[in-house]
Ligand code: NDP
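The data below hold one chain only, encoded as structure tokens and taken in the form predicted on its own.
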């Protein structure tokens, strides 16, 4: 039996195991997917290899550590600078980023989106920004600090911190890529910023899934179309699943994975 896992901190909330295990059962694949709580991102390569894993997913806050410790990088992961999927190839780790395609697939139902504001500047934000710029969206980053500013500027995005940002700016879609609201009641940006931004927005996405975060509750209060990160999780998982199993996934298997996600 091949072993797979998800590394994160926290990771207890993750629904990736039930999604991937449902997919494995659907195609008769001899694999088992678990959760691994990882405190120190610098340990990811050691634990992955010593654990005998054939593949893994990586979630907050370890995607940039995963990038650093990969032996081989897929071109998209290299461009993003963050990895959320590991594959063991004869003891060498190949790193992929499936978040980018997963996010893009998850917003296909949103119409007339041209300008996007991403809250946060970590690995998830990088993957979203890269795919959106490739698809010719206008992308702006709003972050607490100047971390990774050069990456986003070089990509062609606008970048602001809370002090330099104008609340008068307008965006069609607002995305929370931070962990704010995952295990607390925090907003990803000052409340007065968010209230001003949501006056003119059409859509809101929180990359956190499985709960109504304060960010999503605010979007609901403002009568915006909103969604959590479940579709992004599903579609990035579909791409990772194909790497894990070396198969081309079929629609009925995707539906099995979706049902697996919804089983608590």
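Residue numbers count along the first chain shown, from 1. Please read these numbers as outputs of a predicted model, since none were measured by experiment.
What follows is about the form predicted in complex with this ligand, which we do not show.
- Taking 44, 197, 219, 233 one by one, only a single residue has any non-hydrogen atom within 4.5 Å of this ligand in the predicted complex, and it is 233.
- Out of the listed residues 182, 155, 101, 73, 182 is the one that sits within 4.5 Å of this ligand in the predicted complex by at least one heavy atom.
- Mapping the unseen interface onto this chain, residue 122 counts among the residues with a heavy atom inside 4.5 Å of this ligand in the predicted complex.
- The closest non-hydrogen atom of residue 229 lies within 4.5 Å of this ligand in the predicted complex.
- Mapping the unseen interface onto this chain, residue 60 counts among the residues with a heavy atom inside 4.5 Å of this ligand in the predicted complex.
- Among residues of the shown chain, residue 95 is not one whose heavy atoms approach this ligand to within 4.5 Å in the predicted complex.
- Stretch 122-130 is the contacting one of 75-83, 109-117, 122-130, 166-174, since its residues have non-hydrogen atoms within 4.5 Å of this ligand in the predicted complex.
- Contacts between 133-165 and this ligand, taken as any heavy atom within 4.5 Å in the predicted complex, involve 143, 144, 145, 147.
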